[in-house]
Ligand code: URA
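We begin with a single chain expressed as structure tokens, specifically the form predicted alone.
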């Protein structure tokens, strides 16, 4: 968990007498209290592993990865952390809104596993007006290329001039799902912003701003 080695490799390192606990050579059966014990490998202190949790209001034209071979800005550029973070629920390059970053594998699994059915709410903008039939199709699920989406929730429909916005909540996470749902329902997609994952929202964060949470705080949302 501290990024030193795999579990199997760690056992090999311990058996080679390279690990010490409070200055004493460690054995495989030893236990460590990371709040008071000092663990070293060949004299180098291993810092205790800690989970970190951040939310970000992702701006447009930012990549939802930790690195980019085209040298484009990534979501980790907006978070002040020295640990390796994973992006939970990536957004497209041109999509804005809520992104969660963490190194907590249990939370990532809890949110992303298909059986969890964690709700994801978006503010969707399409061109023109939206018919009752199109809304009903989205609610009941549409075929997006050999896969029928689960039922979606549609709320707060507003048409202003030549554009319509509404909130859409889905309970799965297929690649570019909202865009493909729009295409299947005969809607012309314009813009998308994620408002919430589960009960976690942007909480008034401005675009490009992030906020750190404790484990106790973040788990309350899921």
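Positions refer to the first chain, counted from 1. Since we're looking at a predicted model, the values are computed, not measured.
In what follows, reference is made to the form predicted in complex with this ligand, a form of this protein that is not presented.
Answer range among 90-98, 105-113, 127-135, 142-150 for contact with this ligand, defined in the model of the complex as heavy atoms within 4.5 Å: Going by heavy atoms within 4.5 Å, the stretch is 90-98.
Considering only heavy atoms, tell me if residue 51 and this ligand come within 4.5 Å of each other in the model of the complex. Taking the distances in the model of the complex, the answer for residue 51 is no, it never comes within 4.5 Å of this ligand.
Is there any non-hydrogen atom of residue 63 lying within 4.5 Å of this ligand in the model of the complex? Flag for residue 63 set to no.
Using heavy atoms and a 4.5 Å limit, would one call residue 197 a contact residue for this ligand in the model of the complex? Close contact is absent here: in the model of the complex, residue 197 is far from this ligand, nothing within 4.5 Å, heavy atoms only.
Going by a heavy atom distance of 4.5 Å, is residue 178 a contact of this ligand in the model of the complex? Yes.
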